[in-house]
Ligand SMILES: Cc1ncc(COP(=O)(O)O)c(C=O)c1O
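Listed next as structure tokens is one chain, alone, in the form predicted on its own.
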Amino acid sequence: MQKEKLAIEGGAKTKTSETEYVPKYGIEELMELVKLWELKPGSEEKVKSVLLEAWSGKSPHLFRYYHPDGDSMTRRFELECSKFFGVPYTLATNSCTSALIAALVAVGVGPGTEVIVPAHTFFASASAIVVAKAIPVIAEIDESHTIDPKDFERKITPQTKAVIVVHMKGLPCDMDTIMDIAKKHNLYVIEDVAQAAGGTYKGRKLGTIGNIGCFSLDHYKVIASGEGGIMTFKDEWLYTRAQSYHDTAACWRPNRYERERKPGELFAGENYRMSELQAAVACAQIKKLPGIVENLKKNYKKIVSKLELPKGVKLLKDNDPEGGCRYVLGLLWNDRELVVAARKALEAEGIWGSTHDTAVRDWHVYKYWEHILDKKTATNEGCPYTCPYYKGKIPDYSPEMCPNTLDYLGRSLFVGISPVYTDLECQQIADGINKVARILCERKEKNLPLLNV
């Protein structure tokens, strides 16, 4: 009997047949994605280019790393973002919340540290701090509806590591003052630009002034990919650490399996990677962003130039009248009674306006963050509030802790602005605001009923 040989030693191969590759995705997935194309006109070609690769077998997975041909829609998107924002490093994530958490970890936030956050922002800005195992310190906003620099500085303690500043409703923070304070106290500045993508402050793109910028691409933002986020960096090391946290398997590394090249490069993290499908839509959207912001600013200026506001109402404080991205026009009234009446009267005029009704549990207002006010945690240990590494004093959280914020929110009304408004629509919005403001303020001054309904 002839002795059997191993193939490696010259014997016959055991497996000689090769089954033709069958793509993982079929017509069913394609038909589902047609719905996405219909929701986002202009994104079809970018989405199709990714899908065609998958359907043809060139890319058997919609995953940014280890593409057979070396190409990645997510990487293309990051390069487009770096070009638009004028920064050397950009990282795409699956959400802005993920971006905020990765940013905090990248700058060294963790047990024993505090991070200051404004009292008016979506809860995710504050939640990210707890997820990063730090103590959130809530600061007042001022008449600009962004963080009050004076209260920011008052809230700094020896435990403070960073501040999250939020360009709320597309309105820029007072970044010059904030950066001066941060430099004085050796703090990191993380810009939450979820609601202000493409906006500027004194000619500088929002998200590029602090240490890290974090952007949202969810459905309700200036540009969208359904879900998604962007991180912008000037510092390579912060970029490297954010990459580590956003991809705990370290697929991004030149050699995925090599040892740590520098202390602090590798550590346990999350999976915050953006998918190729999100990136395909985002690639089309980022190219539209300059035009969107330009039109928003034009329409904002058209409306404001025609306003004749009486005593009793004024525009919000503006940290840069030429900046921001201007998708809302904010009005600050003398009292809450005027605000409630104005919203109803404007709606009857055909003009949409929003207020912060205190009866609604709005996650953008700190008083409803009982997750933090009550120091709720996922497990009974109570970390980070009970962390032995924390040597500071836990803030006295309460629904009344930021009275200025509640006052400004209670007296504010926001009128939405669209980039596709015509000159006539801008004129009509200004006329409607002037009409309502004039009549209501006159009635208020004469102690007459504001609305006769």
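Note that this is a predicted model, so its numbers are computed, not measured. So that there is no doubt, residue numbering starts at 1 and follows the sequence shown.
What comes next is about the form predicted in complex with the named molecule, which does not appear here.
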Counting only non-hydrogen atoms, which stretch in 291-299, 249-257, 77-85, 164-172 is within 4.5 Å of the named molecule in the predicted bound form? 164-172
Is there a heavy atom of residue 122 lying 4.5 Å or less from a heavy atom of the named molecule in the predicted bound form? yes
Do residue 221 and the named molecule come within 4.5 Å of each other in the predicted bound form, heavy atoms counted? yes
Quick one: is residue 177 in contact with the named molecule in the predicted bound form, heavy atoms, 4.5 Å cut-off? no
Contact between residue 195 and the named molecule in the predicted bound form at 4.5 Å, heavy atoms? yes
Note: exactly one of 115, 282, 100, 206 sits with a heavy atom within 4.5 Å of the named molecule in the predicted bound form, namely 100
Of 95, 72, 200, 159, which residue is found within 4.5 angstroms of the named molecule in the predicted bound form when only non-hydrogen atoms are counted? 95
